[in-house]
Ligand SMILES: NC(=O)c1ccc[n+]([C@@H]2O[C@H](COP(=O)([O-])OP(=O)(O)OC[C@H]3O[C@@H](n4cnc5c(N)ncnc54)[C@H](O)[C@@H]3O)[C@@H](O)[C@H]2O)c1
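Take a look at this one chain, the form predicted on its own, written out in structure tokens.
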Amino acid sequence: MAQIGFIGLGRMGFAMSRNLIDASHSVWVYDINPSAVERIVALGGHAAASAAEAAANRDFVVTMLPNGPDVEETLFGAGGVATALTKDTLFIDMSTIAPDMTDKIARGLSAMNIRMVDAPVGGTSEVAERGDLLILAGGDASDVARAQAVFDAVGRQTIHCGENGTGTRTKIVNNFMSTALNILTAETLAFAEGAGLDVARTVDVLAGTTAGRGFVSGAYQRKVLNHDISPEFGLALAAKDLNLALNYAAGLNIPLPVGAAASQIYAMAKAEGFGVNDWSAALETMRRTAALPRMSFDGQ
């Protein structure tokens, strides 16, 4: 049983602290919302009068707060948490915040000889309720291993992303893809409805193809990330199919801004000679646009 201070009892933090209690840890909680604290106490937690009290003499201190400035203020400002920590306390920030803020916090704690792991989570509040979160941990391997007692109580899997800051960066990249795909999904279903299709049936179709199953663990893993861009599905054909959809939608006066932006990337990839290659070769176009080192491909 570990002594844990937990600061931040929003929907995610409440579920996580409850799961820590259920795992037989001694959990001291603080939140600006007294009712949330009272509910955790009713479940077996301990109320702290301040964030600093929640952090004092604990094995672990966890923050789950809305924004980076909230974490910084809690640690180094009026919250006074940093001064309550000792060299034997492992600080774990599980908030989703800006990478430069994570770096700043890590430097500040390091100057005080306090160890830190940044460990934002993947999953909704419902996933948090079940204790099935994906933990994206950044920090020294020994610190991540030590934090596993906390992670096991709130999550189903921990991925050690690398040094301090990599957990936060991985979460930001993941969130970029999921939030952008959310808009593309909305755009697609509006297009389907505008085209006179049954949306429920369209969803069934999408769920059975790459459109619904996704690319990362499919075409990208098999092809471009494996240094193979021989055409499984040609990029020029993909561009043609996208433009067919854009032209049809235009005739229906249905705006497809994400699709229109994607068509420009396909055009760039074709201009670079990738039209005859697999559609996942669009990744190399984006890499070159970002001035990243060129990839080598089998047979090229």
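When you see a residue number, it is the position in the sequence shown, counting from 1. Just so we're clear, the structure is a prediction, and the values are computed from it rather than from any experiment.
Note that the form predicted together with the named molecule isn't included here; everything after this is about it.
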Original post:
Of the options T86, N182, T210, T124, which one has a non-hydrogen atom that comes within 4.5 Å of the named molecule in the predicted bound form?
Top reply: T124
Original post:
Residues in which of 220 to 228, 115 to 123, 201 to 209, 161 to 169 have heavy atoms within 4.5 Å of the named molecule in the predicted bound form?
Top reply: 115 to 123
Original post:
Is every one of H25, F60 and V154 in contact with the named molecule in the predicted bound form, taking contact as a heavy atom within 4.5 Å?
Top reply: no
Original post:
Is there any non-hydrogen atom of R11 lying within 4.5 Å of the named molecule in the predicted bound form?
Top reply: yes
**OP:** State yes or no: in the predicted bound form, is some non-hydrogen atom of G44 no more than 4.5 angstroms from a non-hydrogen atom of the named molecule?
**Re:** no
Original post:
Could you tell me if Y248 has a non-hydrogen atom within 4.5 Å of the named molecule in the predicted bound form?
Top reply: no
**OP:** Spell out, yes or no, whether the shortest heavy atom distance between Y30 and the named molecule in the predicted bound form is within 4.5 Å.
**Re:** yes
Original post:
Which residues, if any, of 230 to 259 lie within 4.5 Å of the named molecule in the predicted bound form when only heavy atoms count?
Top reply: E232, F233, L237, K240, D241
